[in-house]
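Next up: just one chain, as structure tokens, the form predicted on its own.
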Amino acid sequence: MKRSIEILSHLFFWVLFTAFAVMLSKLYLEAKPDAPFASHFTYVIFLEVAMGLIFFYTTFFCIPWARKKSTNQIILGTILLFLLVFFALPAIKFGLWQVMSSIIPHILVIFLAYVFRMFSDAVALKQA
């Protein structure tokens, strides 16, 4: 796959991801206008996108490394688990629902990074 097409697909994904984060946050704020982050909407969106980038590209770029040895897979899994827990910790004071709403989207981002990597590798293998 041409590098430019791969870059454009990543950019398109992040535009959609950001739009989805904005939409879900606005829906949440309509249901709970007194939410703790209501006055910091832009900051929340920035954090969501930053965390998404961290999860996505940690997974995307480390998969080839993790394939080399099973211990590398364990290390990558441990790093991703640590990041999930680290980013979910602030939500603990608000309840289980907030923790799950913090973890589940990032698990989805990890899965999508895996899908992107598999597709990218399959296309590269087909072209070789």
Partner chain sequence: MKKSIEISVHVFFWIVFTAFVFMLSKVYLQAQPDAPFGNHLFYVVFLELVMGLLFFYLTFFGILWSRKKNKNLVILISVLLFLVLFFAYPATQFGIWQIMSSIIPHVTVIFLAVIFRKFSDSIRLEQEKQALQLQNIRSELALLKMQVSPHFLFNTLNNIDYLITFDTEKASGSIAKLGAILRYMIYDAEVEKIALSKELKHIEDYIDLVRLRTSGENYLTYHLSGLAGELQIAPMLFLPLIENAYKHSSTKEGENIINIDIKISGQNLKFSISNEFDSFRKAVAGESGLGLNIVKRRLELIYPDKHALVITKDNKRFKVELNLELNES
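A quick note: this is a predicted structure, and the numbers were derived from the prediction, not measured. Residue numbers count along the first chain shown, from 1.
We do not show the form predicted together with the partner chain, though everything after this point is about it.
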property	result
Triplet Val22, Leu27 and Leu108 all within 4.5 Å of the partner chain in the predicted bound form via a heavy atom	yes
Interface stretch in the predicted bound form with the partner chain - options 93-101, 71-79, 57-65, 43-51, non-hydrogen atom within 4.5 Å	93-101
Sequence-ordered residues of 5-22 touching the partner chain in the predicted bound form, heavy atom within 4.5 Å	Ser9, Phe12, Phe13, Leu16, Ala19, Phe20, Val22
